[in-house]
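Single chain ahead, written as structure tokens, the form predicted on its own.
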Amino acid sequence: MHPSECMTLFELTSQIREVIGMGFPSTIWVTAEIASIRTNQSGHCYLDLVEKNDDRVVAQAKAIIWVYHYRSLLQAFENATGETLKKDLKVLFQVEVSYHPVYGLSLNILDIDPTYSLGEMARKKRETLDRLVREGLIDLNKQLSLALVPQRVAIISSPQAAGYGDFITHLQNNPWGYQFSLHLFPALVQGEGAAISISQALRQVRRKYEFFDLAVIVRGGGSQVDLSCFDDYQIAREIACLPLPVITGIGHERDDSVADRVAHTRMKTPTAVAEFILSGIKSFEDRIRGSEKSLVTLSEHFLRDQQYELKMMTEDLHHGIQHLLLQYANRNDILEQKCHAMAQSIFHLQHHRFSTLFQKFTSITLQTLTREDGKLALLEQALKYLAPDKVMKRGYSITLSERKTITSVINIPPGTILTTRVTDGSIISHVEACHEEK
């Protein structure tokens, strides 16, 4: 084909623009989901719009809201829905279809119908609530019992949120001086990423639930837009499954969010949450004080009754003792006489037995002494007969070596000097040799 018979790219795109211009001569209304949204330095808002079928993208287009219309459209949408334009939001747009040879197909957004988005948000919210009902989660957290004295509080909030500061101040500066252990689990409480952040914070609380009496989710203050995160299914599921009562104080009057619906108790503001906790503790204290007063009153009545009964019993006991003393006075005299006579009889009997035993003991002792005296005389004679001087007179001698008596030739080396004692003196000798007799 000759080049003169071909189209240039510019000619082709120009024809496409003319065809699109003729095909869409006026504005049309289009429903689409926002896949991404951003503004540039000039204030223009750029969007990527998609349509999905079972989470699969079946259509996609770029769109723009010029700065001239953007702020007024955004303000009107926020006022009507309580939400801001954001990712994953389904919206009904009035668009003008345009095609540029360089930038391609684009949708110029001229208007937004907020009633459609309200319907979509209500539908998603209804679907979430129905799912929670089917799964038995909608009232699960409400079945938990509130602590009698809820002083250990897990807080899910942003540290920059005005409602968080209000909650802490109101709780700590209470007129009764109640003390609290407060632990913040930081989370985004509005805008993109808030649903994931709050879910993560709730899971952190669940891992440490035994250290807390209840959990609170507070936001409060600021704009009422961009709160759809509290209609998120995952947040609702985490609240329902948390083994702690959850009190919400999100701070919006529009209606109850799904998080409010599934929580144990819903309060309008963070300050109201703090007041709810304080009222619970105050109610418990009042019951304790009331019980204390009742106990004191009952104790006083009981003591008075017991004192009266004790007085009556004391008087009865006194009269009874006097009667018994009079009744048994004669018996005591008779018993005393009998005891005295019996003692005398026992004394005489034991005195006789003692005299008899003493005589027997004296006789046996004399016999034993006489017998033993004879034995001692015999032993004395034997000892005199065996005295060393008597023995030596009969021809015996004692041999010593270094003042030790020699009884054996063993261990007596030649040259040893021996001393032999006889009856009339000592003999000194020198050992030449020793012979052992076997």
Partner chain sequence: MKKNEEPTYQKAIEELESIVSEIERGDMDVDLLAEKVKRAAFLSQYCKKKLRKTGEELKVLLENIDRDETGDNPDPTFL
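Think of the rigid core as the biggest set of C-alphas that the two forms share within 1.5 Å after superposition. Computed from a predicted model, the values in this text were never measured in an experiment. Positions refer to the first chain, counted from 1.
The following text describes the form predicted together with its partner chain, which does not appear among the structures shown.
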(request) Report whether the minimum heavy atom distance between residue 212 and its partner chain in the predicted complex is within 4.5 Å. (result) yes
(request) Answer yes if any heavy atom of residue 206 is within 4.5 Å of a heavy atom of its partner chain in the predicted complex; otherwise answer no. (result) yes
(request) May I ask you to state whether residue 321 is within 4.5 Å of its partner chain in the predicted complex, using heavy atom distances? (result) no
(message) So in the predicted complex, is its partner chain close enough to residue 353 to count as touching (4.5 Å, heavy atoms)?
(response) no
(message) Check for me whether its partner chain, as it appears in the predicted complex, comes within 4.5 angstroms of all of 76, 79 and 265 - heavy atoms only.
(response) no
(request) Could you work out which of 276, 284, 116, 99 is the residue within 4.5 angstroms of its partner chain in the predicted complex, going by heavy atoms? (result) 284
(message) Going by heavy atom distances of 4.5 angstroms or less, which of 162, 89, 149, 129 would be at the interface with its partner chain in the predicted complex?
(response) 149
(request) Select, from the options 197-205, 332-340, 345-353, 80-88, the stretch whose residues sit within 4.5 angstroms of its partner chain in the predicted complex by heavy atom distance. (result) 197-205
(request) Counting only non-hydrogen atoms and a 4.5 Å cut-off, give the residues of 278-303 close to its partner chain in the predicted complex. (result) 281, 284, 285, 287, 288, 289, 291, 292, 294, 295, 298, 299, 302, 303
(request) Could you tell me whether the Cα atom of residue 307 shifts by at least 2 Å between this form and the one not shown after core superposition? (result) yes
